[in-house]
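One chain is shown next in structure tokens, namely the form predicted on its own.
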Amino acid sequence: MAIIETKKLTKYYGKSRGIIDVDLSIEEGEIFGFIGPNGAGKSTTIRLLLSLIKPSSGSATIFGLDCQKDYQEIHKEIGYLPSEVFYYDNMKVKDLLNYSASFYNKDCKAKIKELAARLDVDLNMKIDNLSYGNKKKVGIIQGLLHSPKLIILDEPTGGLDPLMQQTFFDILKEENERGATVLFSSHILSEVQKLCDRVAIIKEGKIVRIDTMASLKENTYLKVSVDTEEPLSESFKDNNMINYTVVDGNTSFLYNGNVNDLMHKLSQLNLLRINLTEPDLEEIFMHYYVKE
């Protein structure tokens, strides 16, 4: 069952582009990555899903319900963490979280206590005494305290140190095992690589690829680095190679072609060293943003 579905979802801000014809289908139980640099359209898509803004055209549904018409019902089962969190400074953390919990028809006290302990949040602190990172942790608790069916995260890890990021990822995986679907929007590609089952790449407001994480890595480019006695010339390069760089005797590139052809070509060289590896998601991602 598709938890999130969009069809030709489009948003213009006046004459400025937001997103254009975005088609997404996110299945129940997925951790779905949504990647692209700042300004690509990630936050616009999320705000449309949450009915914080209205689309110019197209449609979006969550749980089979219309995001614009049925947003009140949808919001009961969504946990949302925006990229920036803002609170009333004079409130204590526990008062803020209890107030948030009052919107849901369930007892959230145990969940608040558990998450606060794991994220090392002092519930008696005043909001205005918290660091940016601790405010982000309060936002995480606020988004998860009601055990939502769908968790939407927009650049969620800003301000968290590496150990706390790992704790946060562990919590997300547990929520997913419990049955929650996760939409994880980020420009930090290593995060997406660790967590997600499938990923959509968005470029200049348009989806350029949707694929499984495994397929995205397996069916794209091989990372090649060779050392030769004499620097290779540009004539060695062919159409299957991108990011072709020669520095002294080292030549590196990403290769997307028949590996046997590549090995035959390399066998003609006087090689000192060769290294063939799987590219990380950063390099795969940059391929889609290479200037035409």
Partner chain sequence: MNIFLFELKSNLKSNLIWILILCSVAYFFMLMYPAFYQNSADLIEVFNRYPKEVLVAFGFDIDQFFSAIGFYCFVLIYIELIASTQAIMLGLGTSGRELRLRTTEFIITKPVKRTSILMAKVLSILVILVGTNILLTLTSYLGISSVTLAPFSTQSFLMVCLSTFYLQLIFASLGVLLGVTFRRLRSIAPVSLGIVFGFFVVNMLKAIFDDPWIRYFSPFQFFDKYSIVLMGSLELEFVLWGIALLLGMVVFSFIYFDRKDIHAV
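Numbering follows the first chain given and starts at 1. Owing to the predicted nature of the structure, the values given are computational and were not obtained by experimental measurement.
There is another form of the same protein, the form predicted in complex with the partner chain; it is not shown, and what comes next is about it.
> Do Gln72 and the partner chain share at least one heavy atom pair within 4.5 Å in the model of the complex?
Replying inline: Answer yes; at least one heavy atom of Gln72 falls within 4.5 Å of the partner chain in the model of the complex.
> Does at least one non-hydrogen atom of Phe169 fall within 4.5 angstroms of the partner chain in the model of the complex?
Replying inline: Contact with the partner chain, no.
> Quick one: does Lys237 come within 4.5 Å of the partner chain in the model of the complex, counting heavy atoms only?
Replying inline: Looking in the model of the complex, residue contacts with the partner chain do not include Lys237, since no heavy atom lies within 4.5 Å.
> Is there a heavy atom of Lys76 lying 4.5 Å or less from a heavy atom of the partner chain in the model of the complex?
Replying inline: Yes - in the model of the complex, heavy atoms of Lys76 and the partner chain come within 4.5 Å of each other.
>> Which residue, Gln193, Asn134, Ser100, Gln165, is the contact with the partner chain in the model of the complex, using a 4.5 Å heavy atom cutoff?
In response: Of the candidates Gln193, Asn134, Ser100, Gln165, Ser100 is the one lying within 4.5 Å of the partner chain in the model of the complex.
>> To verify the annotation, which of these, Leu50, Leu254, Leu232, Ala60, has a non-hydrogen atom within 4.5 Å of the partner chain in the model of the complex?
In response: Flagged contact: Leu50.
>> Within 4.5 angstroms, counting heavy atoms, which one of the listed stretches 222-230, 42-50, 27-35, 239-247 is next to the partner chain in the model of the complex?
In response: Careful reading of the contacts points to 42-50.
> Are there residues in 68-106 with a heavy atom within 4.5 Å of the partner chain in the model of the complex, and which are they, in order?
Replying inline: Residues within 4.5 Å: Lys69, Tyr71, Gln72, His75, Lys76, Tyr80, Pro82, Glu84, Phe86, Tyr87, Tyr88, Asp89, Met91, Leu96, Tyr99, Ser100, Ser102, Phe103, Tyr104.
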